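Before any questions on how it binds or moves, here is one chain, the form predicted on its own, in structure tokens.
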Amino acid sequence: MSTREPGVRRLVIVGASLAGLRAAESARRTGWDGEIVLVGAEDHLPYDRPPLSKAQLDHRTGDDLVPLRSRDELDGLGVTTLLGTPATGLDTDGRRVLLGDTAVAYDALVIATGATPYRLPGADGIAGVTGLRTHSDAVAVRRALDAGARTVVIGAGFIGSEIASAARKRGLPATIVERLEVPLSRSLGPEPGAICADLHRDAGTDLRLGVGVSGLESTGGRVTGVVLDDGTTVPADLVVVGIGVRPATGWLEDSPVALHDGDRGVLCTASLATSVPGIWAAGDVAHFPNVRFGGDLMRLEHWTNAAEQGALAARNALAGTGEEIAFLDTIPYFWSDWYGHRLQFVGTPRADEVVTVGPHGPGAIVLYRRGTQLAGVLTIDRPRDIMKFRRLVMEPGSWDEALFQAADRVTASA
């Protein structure tokens, strides 16, 4: 795996999103005064993505994008931006990132290209069908909701659920189509998934489970319905495809950077070093062994993960000879907002046992046991409690202690 190298004068960061920005900021905080080049596929300065499926879908939200850092602020950090310039290849012998007909040389490189949504076969060219990954996607979805769209979300993941929530918030019809019998059962487990299903139903979302999509109907090039493989058709003016993402690593396929055999994410050490000297990775694109959880190989699509990894990758990339490389020591955390409820998760759902304490709905505390210890916690509408359980996961606390504390919290809030 990658090692530190002396004499780094140019740091190139490929990926102008949160992880990439945090890498640039972290590089400057070390006092390093070399050149930083930030390369982005989109035309925009780095911006926050969690609001895309939340506040930016609200009625009366404008189209303007507010970046995480202004152009003046990036200039102040001495960051050169190459936006609207997707990386197309990597020449590790020449230490160059290929950008179509041109290239940019690097001494150290941070890969932070994120992930790309899977597309629905046969949907290309049909208006009203979109994913939700970029600011432009969010603007298109919001405008459709402003026009009163009948919304069908394909895939009952967290992003898709937030979109259905945005439609129902306006009183618009919303349908979720999910191939699994229980939504989120692979990522949270069957029982928490059933709780999530009830949140949808209680909010009036038409939840179609255990069924797939066989095609789309359209008129004049615009979608009019989604055909399901049970033979029914759901009318639709807006179809949002939320069937997952894949790491954006197509530009690395011909390089010696080691990629995961399954999803083609970048394989890293716990220090975020890749298989090639001088190259590091961060954010949604990176697989790393999480020492907190027995070295489980993880690839996380979470805001906090992107921020932490971007900063760490840059620090390690610039560490001088003899300086100690830092290792990632992280507890995964994410949140999602549906129908006025906040779902928060810390730790890992890879567990031997899952127990729900309290109501099977809003107010629930779901505990995940691995061996004799607490490995993860899901809460619904308990923002004060989740951080207390985060500390228990970090220690890590015993399973019995976690059960006691959860019961105590539920009793106190009854």
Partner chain sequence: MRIDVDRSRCEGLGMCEAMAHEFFEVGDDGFVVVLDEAPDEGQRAFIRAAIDSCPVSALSLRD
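Please read these numbers as outputs of a predicted model, since none were measured by experiment. Positions refer to the first chain, counted from 1.
Below, we turn to the form predicted in complex with its partner chain, even though it does not appear here.
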Q: Consider Lys388 of the chain shown here, and say whether it contacts its partner chain in the predicted complex, taking contact as heavy atoms within 4.5 Å.
A: yes
Q) Would Pro383 sit within 4.5 Å of its partner chain in the predicted complex, counting heavy atoms only? A) yes
Q: Determine whether any heavy atom of Arg342 comes within 4.5 Å of a heavy atom of its partner chain in the predicted complex, and answer yes or no.
A: yes
Q: May I ask you to check whether Glu42 falls inside a 4.5 Å heavy atom distance of its partner chain in the predicted complex?
A: no
**Q.** Listed residue (Thr304, Thr80, Thr102, Ser275) with a non-hydrogen atom within 4.5 angstroms of its partner chain in the predicted complex
**A.** Thr304
Q: Would you point out which of 282-290, 296-304, 163-171, 190-198 contains residues with a non-hydrogen atom within 4.5 Å of its partner chain in the predicted complex?
A: 296-304
Q.
Using a 4.5 Å heavy atom cutoff, which residues in 45-63 contact its partner chain in the predicted complex? It's fine if the answer is none.
A. Asp48
